[in-house]
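Quick setup: one chain, the form predicted alone, written in structure tokens, and binding and motion questions come after.
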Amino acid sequence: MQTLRRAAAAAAETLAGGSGAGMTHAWLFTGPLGSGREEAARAFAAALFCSGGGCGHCDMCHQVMVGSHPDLETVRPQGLSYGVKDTRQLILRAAGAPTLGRWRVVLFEDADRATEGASNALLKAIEEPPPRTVWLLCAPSPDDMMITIRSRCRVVTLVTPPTSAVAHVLATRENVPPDMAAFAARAAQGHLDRARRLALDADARGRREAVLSIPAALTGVGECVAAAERLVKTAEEEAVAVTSVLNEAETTELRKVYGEGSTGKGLNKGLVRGGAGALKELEERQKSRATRTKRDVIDAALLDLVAFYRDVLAVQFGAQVELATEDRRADLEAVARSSTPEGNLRRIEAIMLCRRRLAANVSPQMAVEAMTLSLRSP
């Protein structure tokens, strides 16, 4: 984007003693799921570190892309929220001078997960930043951030890339066959990471198939409850699969840090006992991460259902648009014949209500059951 290119050039001018007009210390990257918020922020960070303005080939750019640059702090909230304690520690780290002399950059992914206390602490850091610290915040929408933080950031608004662009990336970078690349890009609705999973992971395609088979299966109350149970159980299993290996590695490393299993006269037994509190805190974070992963999996499934009913509406109105669920053409036409546009709009609203309930910490089983019953009789 031209705005970011000009800002990177202004940042270089600042380092050379110039005015640096066009560069600011706080940025907010926004856009829908799959729009590449984090990727754009990371590319901008590379442009700030790179003497060539982000050439993509030098050591600085490579270190940013693989996450090893010493002056880039990347924050990825893995739990349900990001608390004030973690934020204060982050602010202390961000206040240090750059190791390599250019900038110290904090890339805060999913900054909208910061709690109110964390957001207030972050606001103070943004209001009075060190001279060489740059904050790059990422969130779905400017409205997801505190207005006081939003007003102090330069907002960069991104859009979802077209299907053709995502398919091109899959074909050229991942060597995905053209037909599979086109299918995955269309099914993922422009979300590159999800398109990559669908193209390369047969299990991911199987889970999507299971979700899109739900509308045809909702023939009675029992079937609605059973469908909800299957969806939630699948999400739980995937959350366990995603987090179990990471949990084990984190726990093992923490036990080593506190000397568990070690022997010798010089071993500090108090330090070993002190590890119990740290271990409990780690387990709480891991539990929160598993819950977040489970809800994210359910949310992805709900978005697939939204795409299905949106495509049903397109079929009903004869709209000449690309259908994300074209591979379910028979089901789309069957539902289109047996329902009304008004009913399908209400179904979409029921799915969106389920998403809001999950965000408000309603029991996933209860929220999804209520949704499936509404899908049967909107």
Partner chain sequence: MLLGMAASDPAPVTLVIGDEELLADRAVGEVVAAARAADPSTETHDLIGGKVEPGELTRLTSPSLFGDRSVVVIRSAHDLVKEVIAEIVSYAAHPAEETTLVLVHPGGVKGKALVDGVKKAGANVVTVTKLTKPAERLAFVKAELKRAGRTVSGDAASALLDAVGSDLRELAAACSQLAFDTPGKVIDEAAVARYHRGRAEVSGFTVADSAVEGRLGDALEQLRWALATGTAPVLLVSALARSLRSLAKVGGAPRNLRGGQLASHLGMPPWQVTRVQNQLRGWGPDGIARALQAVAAADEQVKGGGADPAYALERTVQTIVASRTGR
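Numbering follows the first chain given and starts at 1. Fair warning: this is a prediction, and the values are worked out from it, not measured in the lab.
We do not show the form predicted together with the partner chain, though everything after this point is about it.
A heavy atom within 4.5 Å of the partner chain in the predicted complex is found for exactly one of V221, L123, V169, L254: V221. Residue E229 is the only one of E236, D299, E283, E229 with a heavy atom lying within 4.5 Å of the partner chain in the predicted complex. Within 4.5 Å of any heavy atom of the partner chain in the predicted complex lies no heavy atom of A9.
Contact check for Q365: a heavy atom falls within 4.5 Å of the partner chain in the predicted complex. In the predicted complex, at least one heavy atom of R357 sits within 4.5 Å of the partner chain. Using a 4.5 angstroms threshold between heavy atoms, R376 counts as touching the partner chain in the predicted complex.
If you check the partner chain in the predicted complex, you find a heavy atom from every one of V225, N361 and E369 within 4.5 Å.
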